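Take a look at this single chain in structure tokens; it is the form predicted alone.
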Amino acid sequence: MFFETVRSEGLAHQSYIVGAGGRAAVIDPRRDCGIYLRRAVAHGAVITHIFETHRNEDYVTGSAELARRTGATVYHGAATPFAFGSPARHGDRFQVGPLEIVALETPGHTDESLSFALYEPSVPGRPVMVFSGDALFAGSVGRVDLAGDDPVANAHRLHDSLHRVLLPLGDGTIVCPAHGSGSVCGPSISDLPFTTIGIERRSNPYLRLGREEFVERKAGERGYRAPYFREMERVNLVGSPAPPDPCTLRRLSPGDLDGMQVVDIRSPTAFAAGHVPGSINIWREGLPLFIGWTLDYDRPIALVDDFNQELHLAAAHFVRLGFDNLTGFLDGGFMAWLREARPVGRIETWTVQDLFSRLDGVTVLDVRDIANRKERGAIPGSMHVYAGEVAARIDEVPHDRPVAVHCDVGFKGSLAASLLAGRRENIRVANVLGGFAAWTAAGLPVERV
């Protein structure tokens, strides 16, 4: 038997390939699915089964494309009318070489959520592992506010799924969730390389709650919902088209950028010193987190970097979120823009000492997530808008005096500052380098919120 986890960084997405006897199954594949083909070949196996634990909200699934490339059958929950694949119901059994995979209905996160228990002949009577989708995570459980309009009913269903379906599988069962630490699909997911039913039974705070307390807590949780989630739900219902090749981006001239959505993937300091006016600053590692908050699926997208190294890796994030309108990159990097003597945008950068000395005369905009702000405190008098929501709530930010934007260390701050500078005329905006981490390191005052 072989087993591998395929992680998509940024999204904290985890998919899996498992097999034996020359056959393999893939669980929750990502859209750029060539990696599963390569891993199957490396193990001398062919992919015969593809399992979807649920209709995902935060990335484009690769099931339809992987099925086209392999001839494998896709199986998904029966409670949602998918336009492709075949429905699986509780207790359905699938043979993958000598391995047996059993479908378990575990609704709550979504109506059609499934988990898949894997049985191996040398361990009779008990599953070796369970692919739990977004029902059970390491240290957490799935959200109940993303599907339907009744989180209370969803929370009841999730409680039943956990206690009546998953926990009875046995403490030794390895848990393989669809997401790891940093995912938006569950609160405070632990940063563990693996977990088991036994570990979760003993340490997962949600599993220690009684039904009513569990339902009250889960139904009251409200996580961030990026606007692109609706597009993901739609695409994943019908099956995505074949993805573009991230290695075939066009080389663009400065003149080609007119009318395009321009994403500058350089560091905040480089962006502040000079950038294409109107461009959005999203650092490379932040692309999977924030392009879905700030870009649309209609207008073409262009990347701007300094040296244009390994842009196919950056482009892969767009593919995974369905942004097939990523067109190309500025050939020659930002220097190509400068060589044509085109207008240059700039954003001020302040230290925390600069901000403290001007505190009475500025609007301080905190763009950290709300949980961070509540846990660590805030700069006195600051207003809060999460970085992902700045584009939609930009009119709420006063512009009658300078705006000092801060996040944890400066990267999300630069994103928010670029949005303000690009979409609000006559606004003076500064990104506070070092962010709240530098503010506390300098011993400056903090208020509890």
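Please read all numbers here as calculations on a predicted model, not as lab measurements. The first residue of the sequence shown is number 1, and the count goes up from there.
As for the form predicted in complex with another copy of the chain, it is not shown, yet the points below apply to it.
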| query | finding |
| --- | --- |
| Listed residue that, although another copy of the chain is not shown, lies within 4.5 Å of it in the model of the complex (heavy atoms), from Q95, S86, T269, S357 | T269 |
| Interface residue in the model of the complex among Y224, Y297, F229, F194, criterion: non-hydrogen atom within 4.5 angstroms of another copy of the chain | F194 |
| Candidate stretches 377-385, 415-423, 44-52, 396-404 - the one whose heavy atoms come within 4.5 Å of another copy of the chain in the model of the complex | 44-52 |
| Exercise: P124 in contact with another copy of the chain in the model of the complex, heavy atom 4.5 Å | yes |
| Non-hydrogen atom contact T349 with another copy of the chain in the model of the complex at 4.5 angstroms | yes |
| Close approach of L338 to another copy of the chain in the model of the complex, 4.5 Å, heavy atom | yes |
| Heavy atom of G410 within 4.5 Å of another copy of the chain in the model of the complex | yes |
| Triplet E233, G361 and R373 all within 4.5 Å of another copy of the chain in the model of the complex via a heavy atom | no |
| Stretch 277-315: residues contacting another copy of the chain in the model of the complex, 4.5 Å heavy atom cut-off | W283, R284, E285, D306, F307, Q309, E310 |
